[in-house]
Structures are given as structure tokens and as C-alpha cells.
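One chain comes next, on its own, written out as C-alpha cells in the form predicted alone.
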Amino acid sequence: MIHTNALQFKYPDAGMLGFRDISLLTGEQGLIKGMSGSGKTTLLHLLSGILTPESGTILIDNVPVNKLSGQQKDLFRAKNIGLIFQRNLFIQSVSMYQNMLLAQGVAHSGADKEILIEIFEELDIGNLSNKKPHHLSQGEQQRFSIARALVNKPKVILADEPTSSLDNANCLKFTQMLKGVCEKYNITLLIATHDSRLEQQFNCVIEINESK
């Protein structure tokens, strides 16, 4: 499902970042471990097509993401990749339900209210869906971040430091919930983090170090 080979990326006025090859099958769950500045977020942005590598190849579901045009990448990402960020980045002026509908609209797939109801039930957030983001706790917002990543039935979920702002209890709850829904829907999961609390919950740990 996720396969990379000899990936390299260079920011302007900076050295070259090189990354270990990744190979995850459908439904597998992995953890990218590294210190701040090691390139974890850059790697996720490469996998999702937000950034384009200097060299190397990226295959997501056998699609060479790095060879797609900008518009093709955007549509492929919206339909196939669910993203969870360190900050939730919800639109504050509308309800969480409307935030979910907007996420579906990005994929040009139309509103699918049945999958929303199913996801809300799975994550136990249906009673919160009419609230706006600023009325929710951090833990509740994180559950909606999982929901938003799921609304377009992705093949892959990529999460960038999703537990950095959570206490120990919510960190464990969030991680188990995310792993559980990915297992249920057979979604390949890859989390990038320097949060050592997550290591014992993953069999596949990919450690990266900054390389120039």
C-alpha cells in the first residue's frame, strides 16, 4: 500500500534530507520515530503529495504519487489519504458536522451522511456534532480529527504528532481509538512522532535521523 524508494528532499538553502525506504501492506500500522527536525513531517508531506521529492519514488496503492500533476495530487489525496495534524485546523465558524461535510466536498464525492453517522457512532461523538470546535475539549476535537480523516473512506491515514498536546490518559485513548478504527476499516496507518508513549503500541517502528 505504501512503498518508497531512495527518497530525497531539499529545502532552499538547506542540506539534502534522505529517507529510509518504507514498505507497508494494506491494513498495516507503523510509527515513524525521530527527534524534532529529523524530517518526520517532511516525509509525511512527501507521502501525501503536499511536497515533491528531489529524487526517489512513492507508491500509494500502486499509484506513483510523485509523478502526478498538482491537481491530480490534490484529488488523489482527498479521495485516498486521510490526514491528521498536530493542530486540528477546523473551521471555527461552523459546526463539526458541517466541517465533516466540507471535508467530503474536497474529494468531489458529494455528501455521504450514512458514513458520517457510522463514524460518529464508532467514535461516540454524534451528540457533539452540532457544536462548534471552540466548544469542544482537546480530546473531543481529536476524536473529530479521526472522523474527518475517515469521511472519504481513505486507503491510508497519515498522522503528524497527533498526541503531542494530550495528557497520558487521552494519549492512550486517542491512539487505541485510531488504531481500532483503522483495523476495522482495513486502513493503512502511519504516525510520525517523537512521543515515546506511542512506541510500545506499534510493532513496526521506522526510525529516521536527519541526514544531509
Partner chain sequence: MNIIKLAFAQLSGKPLQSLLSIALFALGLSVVSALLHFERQTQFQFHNNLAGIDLVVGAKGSPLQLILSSVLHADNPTGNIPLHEAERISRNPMVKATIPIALGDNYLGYRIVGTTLDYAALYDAELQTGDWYKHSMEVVMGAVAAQRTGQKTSDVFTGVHGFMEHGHSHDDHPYTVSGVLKPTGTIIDRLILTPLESVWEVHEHNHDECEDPHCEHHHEHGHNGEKGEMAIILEKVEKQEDLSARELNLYNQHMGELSIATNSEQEITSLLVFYNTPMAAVMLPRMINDNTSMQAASPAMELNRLMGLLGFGMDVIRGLAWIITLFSGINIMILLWSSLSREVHELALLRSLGTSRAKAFMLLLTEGTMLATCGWIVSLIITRITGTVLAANSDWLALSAMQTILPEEMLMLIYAILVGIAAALLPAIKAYRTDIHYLLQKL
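Positions refer to the first chain, counted from 1. Note that the coordinates shown come from a computational prediction; the quantities given were computed from them, not determined experimentally.
Unshown form predicted together with the partner chain; subsequent notes refer to it.
Residue contact check: L116 to the partner chain in the predicted bound form, 4.5 Å heavy atom
Contact with the partner chain, no.
Hey, in the predicted bound form, does N66 get a heavy atom within 4.5 angstroms of the partner chain?
No, N66 is distant from the partner.
So in the predicted bound form, does D74 come within 4.5 Å of the partner chain, heavy atom to heavy atom?
Taking the distances in the predicted bound form, the answer for D74 is yes, it comes within 4.5 Å of the partner chain.
Applying a 4.5 Å heavy atom distance criterion, does Q86 contact the partner chain in the predicted bound form?
Close contact exists here: in the predicted bound form, Q86 approaches the partner chain to within 4.5 Å, heavy atoms only.
Could you tell me which one of I50, M35, L172, L59 places a heavy atom within 4.5 Å of the partner chain in the predicted bound form?
Checked against the cut-off, the match is I50.
Can you tell me which bits of 84-99 touch the partner chain in the predicted bound form, meaning any heavy atom within 4.5 Å?
The stretch 84-99, when checked against the partner chain in the predicted bound form, contributes F85, Q86, R87, L89, F90, I91, Q92, S93, V94, Q98 at the 4.5 Å heavy-atom cut-off.
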